[in-house]
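First, one chain by itself in structure tokens, the form predicted alone.
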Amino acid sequence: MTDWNAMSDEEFRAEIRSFLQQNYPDHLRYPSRRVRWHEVREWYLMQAERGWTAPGWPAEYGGVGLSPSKQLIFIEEQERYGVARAPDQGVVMVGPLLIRYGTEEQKKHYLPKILSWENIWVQGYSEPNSGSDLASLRTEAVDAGDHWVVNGQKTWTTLAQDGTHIFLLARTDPKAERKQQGISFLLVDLNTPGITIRPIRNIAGHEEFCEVFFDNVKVPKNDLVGEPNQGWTMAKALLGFERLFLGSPKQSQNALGRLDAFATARGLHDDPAFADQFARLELDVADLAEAYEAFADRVRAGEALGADVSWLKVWATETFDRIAALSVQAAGAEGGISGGLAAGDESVDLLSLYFGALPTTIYGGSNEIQRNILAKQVLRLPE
């Protein structure tokens, strides 16, 4: 078996890059929407056969056991090549959570099925009127002896229609003194009676998100992760990693590349006003890349990310948003046309950038909430 960690970072990067170039389907590069599982299934099953489903998991649990440095390279190279993201909540969230907090029974039952893609996990966090202020959630799980009875609703659940399981936060102690207390972390089979999934069609015409309803859903007691009423601690740990992922500069770099190609073909760089706006965005993206590297260096060193990672999420999503807005503006009367616009020998889809940018400042915790976190936990400002 190859010892990937023994390679230099340069050698490992070249290995991943070569594998992608030789095997990844060209028609799935840089998709303009979140792809469905049936579209990327064959690609990710190929990776599973190679043992690459969970590069960051310890080898003893079926992962590759990559160092933090190598794991970041793995993610960065997939982003650079425009690899469509899998429904990977099981890999990036459920698996690491179970490895750290799960029972041996939970690990033995769930981890192999995540690695083989037999189980496709979705995230059950946000609710109506309880999105960014997640601790105010109202979905409840009542102790009924040998099982929990779950009632409530989750929303903005990404690709729930493709999922087999959902991990969710539910209130198990409504009398807890603080709203962050009394919340538990549950694993639920989506085929359980009482669960209804309704896709939500977005402005671009895609059904990326769903509503999920729970009506007296029975969840076995052994599908509680960790201790009862201690789910908030685990949820925060998962969100820290998510905000680093959302803070990657690749999305903005790719969007800026699309805008540059369009602007070059249309002669827009000769317009001083456009050139000034574009130069500002170039500097913003360069600053973002430097900031991301600083946080990534912490991960490479094995350090935990603090509350200040919220700043990275804000900067990345708002930079992407500004690029997308200028792209539609630069297209003029064609800015509202869906699909590719002629740009020399290329076809550049700018409207999908705009549609893709709209929700980024909301998901992963809205940027308003991220600023509150920074104000309270980093700057120590009074409420």
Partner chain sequence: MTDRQEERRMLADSVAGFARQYDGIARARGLSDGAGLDPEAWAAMADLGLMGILVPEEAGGLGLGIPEMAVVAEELGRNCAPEPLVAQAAAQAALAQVDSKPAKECLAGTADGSTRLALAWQEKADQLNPAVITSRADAVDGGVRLSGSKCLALPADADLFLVSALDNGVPALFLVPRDAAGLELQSQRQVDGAETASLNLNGVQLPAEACLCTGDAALQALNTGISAGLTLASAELLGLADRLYTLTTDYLATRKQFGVPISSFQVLRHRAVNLYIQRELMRAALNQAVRAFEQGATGEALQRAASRAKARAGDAAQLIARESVQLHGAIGFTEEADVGVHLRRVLALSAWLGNAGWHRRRYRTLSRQAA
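Positions refer to the first chain, counted from 1. Just so it is clear, the structure is predicted and the values come from calculations on it, not from any experiment.
We do not show the form predicted together with its partner chain, though everything after this point is about it.
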query: Exercise: residue 355 in contact with its partner chain in the predicted bound form, heavy atom 4.5 Å; finding: no
query: Contact test in the predicted bound form: residue 85 vs its partner chain, heavy atoms, 4.5 Å; finding: no
query: Its partner chain contact at residue 17 in the predicted bound form, heavy atom, 4.5 Å; finding: no
query: Distance check, residue 204 to its partner chain in the predicted bound form, heavy atom within 4.5 Å; finding: no
query: Its partner chain in the predicted bound form: contacting segment from 258-266, 194-202, 111-119, 155-163, heavy atom within 4.5 Å; finding: 258-266
query: Position in contact with its partner chain when the complex is considered in the predicted bound form, options 179, 107, 280, 218, heavy atoms within 4.5 Å; finding: 280
query: Heavy atom within 4.5 Å of its partner chain in the predicted bound form - the one residue of 189, 303, 227, 308 that qualifies; finding: 308
query: Stretch 357-383 - residues with a heavy atom within 4.5 Å of its partner chain in the predicted bound form; finding: 368, 371, 372, 374, 375, 376, 378, 379, 381, 382, 383
